[in-house]
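Presented as structure tokens, the chain that follows is alone, the form predicted alone.
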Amino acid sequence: MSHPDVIVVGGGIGGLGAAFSLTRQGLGVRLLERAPAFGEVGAGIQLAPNCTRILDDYGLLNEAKSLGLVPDAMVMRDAVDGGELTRLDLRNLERRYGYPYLVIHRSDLHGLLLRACERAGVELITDAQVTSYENTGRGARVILSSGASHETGVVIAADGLHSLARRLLVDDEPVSSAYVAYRGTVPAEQPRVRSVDLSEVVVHVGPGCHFVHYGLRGGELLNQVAVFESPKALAGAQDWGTPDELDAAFAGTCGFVQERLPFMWRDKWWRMFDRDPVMNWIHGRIALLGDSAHPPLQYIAQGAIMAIEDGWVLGEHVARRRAADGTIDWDAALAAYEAVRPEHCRRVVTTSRKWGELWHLDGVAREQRNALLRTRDTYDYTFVDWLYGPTALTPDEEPPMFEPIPLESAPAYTVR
């Protein structure tokens, strides 16, 4: 492919999803990945119906289900006393939105998208580190660290949290939350796993910490995530999020959580950053996508989903703006993409921050939160309708947000 129609920079989930989406529209796509090989680190990832709907449109949902697990319920518990606070019936949720809630290993989702790109004919190039982006008279080009350049009609920059392309639009830096995540997967045959209900996605929320677990790969693995606020980070130390802080953060949690901490990987941890939302993602023929545009904190499990949605929306607008002779009005397609995605993703990024604050409350505020959550009906979808429905293609299709409930409205008699 000497002159591709599109270049995608970044071979993560967002980049692969965009490359596949655009190839489906008959475009020649070249994907540049900086690493020497394609791969994804991490453990489990949650895919809500707004994502599985797109995977179904791509013809990939059945393969994803075969690699993952469709749980029955999502449960929130108090990390201190272990008591249940609220739950979502995920089987009923599937009936409501038409598509399942799926949990899958991040590497399995990445591999699924990589294979789809290979079958579709995406030109996949590794060891290609982009050092600069430029607009040209006919499109855009990228320059690699090797000195080579690649020219095309449009460049999609899916180059992650530390995006180089983002600097064309805004002079900002990632924002540290001072929280850090530890992960770990455990074979289901382990004695301490046998008592865990792998049909549930469970989060224990506690003061300055939370713990998530759910099954993976059809129940072969238990995925666990432990997240806490680092005192060292708050103090400005460089060495923060260390295992000693992990143990200290969860010292006041219930036995169920503490018994599972030894199974966490202790040689690697993930510091949690996001960025302030920006509403301009297009610079000439260079467009941001995924974490380069909207890296969120993970509290509502929408980071990878937003990236997949970005690629699908862009592909749909390309299809709508293709002339009879096959040419595409890229300026119109990019403008339509930018008209709808930044506002949705702004909502996700800001809601993720607020949701994290809600999870980690202490004292009276924790009691108020717990009281409100216990009054919630299992089949109340007020707080997820704006997320889990069909992905909007135009601003008028974007559903209204939910109305927040003040903690002070908790019934006084239920607060201990």
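Fair warning: this is a prediction, and the values are worked out from it, not measured in the lab. Each residue number is its position in the shown sequence, starting from 1.
Just so it is clear, the following notes concern the form predicted together with a small molecule, a form of the same protein that is not shown.
Chemist: Based on heavy atom distances of at most 4.5 Å to the small molecule in the predicted complex, which listed stretch, 155 to 163, 92 to 100, 239 to 247, 342 to 350, is the contact stretch?
Modeler: Looking at the other structure, the answer is 155 to 163.
Chemist: Counting only heavy atoms and a 4.5 Å cut-off, does the small molecule in the predicted complex sit next to every one of Leu27, Leu168 and Gly311?
Modeler: No, the whole trio is out of contact, none within 4.5 Å by any heavy atom.
Chemist: Report yes if any heavy atom of Leu387 sits within 4.5 Å of a heavy atom of the small molecule in the predicted complex; otherwise report no.
Modeler: Result no; Leu387 lies far from the small molecule in the predicted complex.
Chemist: So, Gln129 and the small molecule: in the predicted complex, are they within 4.5 Å at any heavy atom pair?
Modeler: Gln129: contacts the small molecule in the predicted complex.
Chemist: Spell out, yes or no, whether the shortest heavy atom distance between Val9 and the small molecule in the predicted complex is within 4.5 Å.
Modeler: Yes, Val9 sits close enough to the small molecule in the predicted complex that at least one of its heavy atoms falls within 4.5 Å.
Chemist: Mark Thr185 yes when one of its heavy atoms lies within 4.5 Å of a heavy atom of the small molecule in the predicted complex, and no otherwise.
Modeler: No, Thr185 is distant from the partner.
Chemist: So which of Arg285, Arg260, His150, Arg106 reaches within 4.5 angstroms of the small molecule in the predicted complex, heavy atom to heavy atom?
Modeler: Answer to the contact question: Arg106.
Chemist: Counting non-hydrogen atoms within 4.5 angstroms of the small molecule in the predicted complex, say which of Val196, Ala336, Ala181, Cys209 makes the cut.
Modeler: Exactly one listed residue reaches within 4.5 Å, namely Ala181.
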